[in-house]
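Here we start with a single chain on its own, the form predicted on its own, put down as structure tokens.
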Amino acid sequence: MASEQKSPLTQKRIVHAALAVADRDGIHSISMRTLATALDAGTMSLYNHIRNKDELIDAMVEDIAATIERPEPGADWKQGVRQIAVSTRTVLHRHPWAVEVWSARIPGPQRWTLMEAILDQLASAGLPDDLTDLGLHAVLNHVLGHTRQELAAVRSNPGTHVQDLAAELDAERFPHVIDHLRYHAEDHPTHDSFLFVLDLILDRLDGMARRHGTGTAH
């Protein structure tokens, strides 16, 4: 019986294997030796397709950036930016390791394209250059910061219940904090602080665009 033929080793296969390892074990678990084992290949053969670990991580970030949704041409600018932001958050939750390296890596074509898409949406609102720049940073900082906080909350003390935290606090010193924790212990399906703050940013930018006499441009 003939032995099963291996799939040829390619950069795409290496990157996808690295994504699977990082999603399961974290970015620090990535090594050429680990990937070689996962791909049933020789370690040195990987270097024919990926020069080093830095290039590999850049390729991994680019790969997931390519899955982020872009708005259709002619979309309302607020809905367009909102779509990109929400999709970025979803993708980063799918690949939790990425939020820690996203800002530390020089963007590649996919991330430049993503940034161009956001800037294009903001520019279509008629915002001047300074507000377009501030709007870009406000949106990206919110997406990355909020997602990082969400993922950190999942990793730290996952078994601790917010009601237990509230019970440990002094009711006289922290009455509002206790109410806040108890609120989170309840079921609020429409409560999404990510979308709340994102829409505050977009509404504020919309108001600035109106004051510059552009209205709600598309």
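The first residue of the sequence shown is number 1, and the count goes up from there. Under this definition, the rigid core comprises the largest set of C-alpha atoms superposing within 1.5 Å between the forms. Worth saying up front: this structure is predicted, and the values here are computed from it rather than measured.
Keep in mind the form predicted together with a further copy of the same chain is missing from the figure; the text below concerns it.
The partner is absent here; in the predicted complex, the one residue of S29, T37, Q149, S45 having a heavy atom within 4.5 Å of a further copy of the same chain is Q149. a further copy of the same chain in the predicted complex comes within 4.5 Å of no heavy atom belonging to D76. S87 falls outside the set of residues with a heavy atom inside 4.5 Å of a further copy of the same chain in the predicted complex.
Remark: L9 does not count among the residues lining a further copy of the same chain in the predicted complex, judged by a heavy atom distance of 4.5 Å or less.
A residue is said to contact a partner when one of its heavy atoms sits within 4.5 Å of a partner heavy atom; Q83 fails this definition for a further copy of the same chain in the predicted complex, lying far away. Residues are counted as partner-facing when one of their heavy atoms sits within 4.5 Å of a further copy of the same chain in the predicted complex; in 82-121 these are V99, E100, S103, A104, R105, I106, P109, W112, T113, M115, E116, L119, D120, in sequence order. Relative to the superposed core, V177 shifts its CA atom by 2 Å or more between this form and the one not shown. Core-superposed comparison between this form and the one not shown: the CA of A66 stays below a 2 Å shift. For E168, the Cα coordinates differ by 2 angstroms or more between this form and the one not shown after the core has been superposed.
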